[in-house]
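Presented as C-alpha cells, the chain that follows is alone, the form predicted on its own.
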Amino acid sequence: MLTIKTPGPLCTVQDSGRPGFQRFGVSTSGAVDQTALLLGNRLLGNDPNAPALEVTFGGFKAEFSARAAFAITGGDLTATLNGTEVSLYTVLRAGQGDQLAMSSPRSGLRAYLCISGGFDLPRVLGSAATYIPGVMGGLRGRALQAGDKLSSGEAAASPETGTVLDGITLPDWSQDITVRVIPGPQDEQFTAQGIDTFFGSEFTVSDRSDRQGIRFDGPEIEAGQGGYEIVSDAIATGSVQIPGDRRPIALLADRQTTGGYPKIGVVATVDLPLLAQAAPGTRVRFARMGVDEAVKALRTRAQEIERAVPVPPQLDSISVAIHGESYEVALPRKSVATGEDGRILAQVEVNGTLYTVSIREDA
C-alpha cells in the first residue's frame, strides 16, 4: 500500500511498545510520543496498539499504491499530499499514486503516520515496534529505507474524510517548555547546590539526542561524595541520569533497561510528550512534582483522551463541474488543507474517483 521513497533522517515502525521484558534486557521501545500515536489510531477507528510510522525531523516521501484513509499526528513537519499542505489530526484520504511528503519541522520533532487498519507487520514479543539496537520488530529490525513497501491490516472502520477529534486540546509545541520531575530515586547522591542547579536553571536540548534519551547542554549538576556512579539498577521511562559529564540525560523509549549513573529524578509520565517533541535547541526548565500530583495529572489527561471522540465533518452540498459534467457533492465545512492562493481545498469522491476541489472562501 505504501512505498518509501525517502525516509528522512529516521523513520521507523512503532506501536505502544513491548512492556514486560525488561528483566530480560529488552527495551520497551514503541512510539516516543505515545499520546500522538493513540490519538491517530483513535481518529481512524484502529486498535490503540496499531503500528504507525514515526517520522523524525522530516525529509520523508512516500507513494500510495492503493486508496487509503490516514492521519498524521504529533509534530508539524509540514506534511503535503501531492504538493498541497494537509491538516494534522484529521482523517485524510489518498488515491493510487498519491505522493505524501513531510519536509521539515514547523513545530515539534516527530510525526506519526497512522493508516486505517494499521501497518501489517509481524509481532516480536507481542509488538511490531522497531528496536534498532536489538535488531527487533518493524521491518527486519531496522529503520525504513528507500524502496521499502508496507501494507495495511484489515480496517475495523471506514472513517470519513475530514473527521477530527472533539473534546481534547491538541498540543502546541514550543521552543520553551517546563517539564515536571519527581525527585529521586538517587537525589540524595547530589549536593543541595546540585539539586538547586537542576531545578533552577535553563537547559538546552542537545543535537546528540536520540530515541534512547535526550541530552541537555547547560550548567553542571554537582554530586556529593558518592560521585556519579551507583550500582546498576532499573531504568524507568523518563529517568533523568547525571553521568560523569555532570549534565542531565532524560531517558526515552529505547532506553537501556539498567544503568549505573545516579538518577536525580523521573519525568512525570504526563509530560513525556513534551520531551518527545523537543527538537535540538529547545529550552527546558525542570519543576518539582510530587508522586500524588503526577498520578492525578496523568489520570486527568487519560480521561481527556478517553473523551476524545472522532467527529465527521459537517457537510454542505454544492455543485461541482468535473470533466464538463456537473455533480452535486458534499464538502466539509472544515477544509483538509489551504492552497497557496488562500483557497480552501477539500477531498471529494465522485463515481469512485477521488478529487481535490479548490473553493473560494466566499463560495
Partner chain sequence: MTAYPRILTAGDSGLVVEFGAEIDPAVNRSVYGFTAAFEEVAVTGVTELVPTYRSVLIHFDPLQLPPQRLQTEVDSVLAQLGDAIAGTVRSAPLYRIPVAYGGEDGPDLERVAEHAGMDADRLIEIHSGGAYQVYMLGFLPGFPYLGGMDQSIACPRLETPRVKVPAGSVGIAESQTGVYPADSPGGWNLIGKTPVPLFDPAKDPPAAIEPGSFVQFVPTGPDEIGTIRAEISAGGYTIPVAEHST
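Residue numbers count along the first chain shown, from 1. Treat the numbers as computed from the prediction; the structure is a model and nothing was measured.
Only in words, not in the display: the form predicted in complex with its partner chain, which the text now covers.
When the contact criterion is heavy atoms within 4.5 Å, does Ala294 count as touching its partner chain in the predicted bound form?
Yes, Ala294 lies within 4.5 Å of its partner chain in the predicted bound form.
Can you tell me whether Glu188 touches its partner chain? I mean in the predicted bound form, with a 4.5 angstroms heavy atom cut-off.
Glu188: contacts its partner chain in the predicted bound form.
Does its partner chain come within 4.5 Å of any heavy atom of Ser174 in the predicted bound form?
Ser174 lies outside the contact set for its partner chain.
Check whether Ala157 has any heavy atom within 4.5 Å of a heavy atom of its partner chain in the predicted bound form, and answer yes or no.
Although its partner chain is absent here, Ala157 would stay clear of it in the predicted bound form, with no heavy atoms inside 4.5 Å.
Looking at Leu100, Val266, Ala279, Leu274 here, can you tell me which has any non-hydrogen atom within 4.5 angstroms of its partner chain in the predicted bound form?
Filtering the options by heavy-atom distance leaves Val266.
Going by heavy atom distances of 4.5 angstroms or less, which of Val309, Ile322, Ala302, Ala66 would be at the interface with its partner chain in the predicted bound form?
Selected residue: Ala302.
Among 190-198, 142-150, 157-165, 257-265, which stretch has residues with heavy atoms no more than 4.5 Å from its partner chain in the predicted bound form?
Contact-bearing stretch, as computed: 257-265.
For the heavy atom contacts within 4.5 Å of its partner chain in the predicted bound form, list the residues of 92-130 involved, in sequence order.
Stretch hits, in order: Val124, Leu125.
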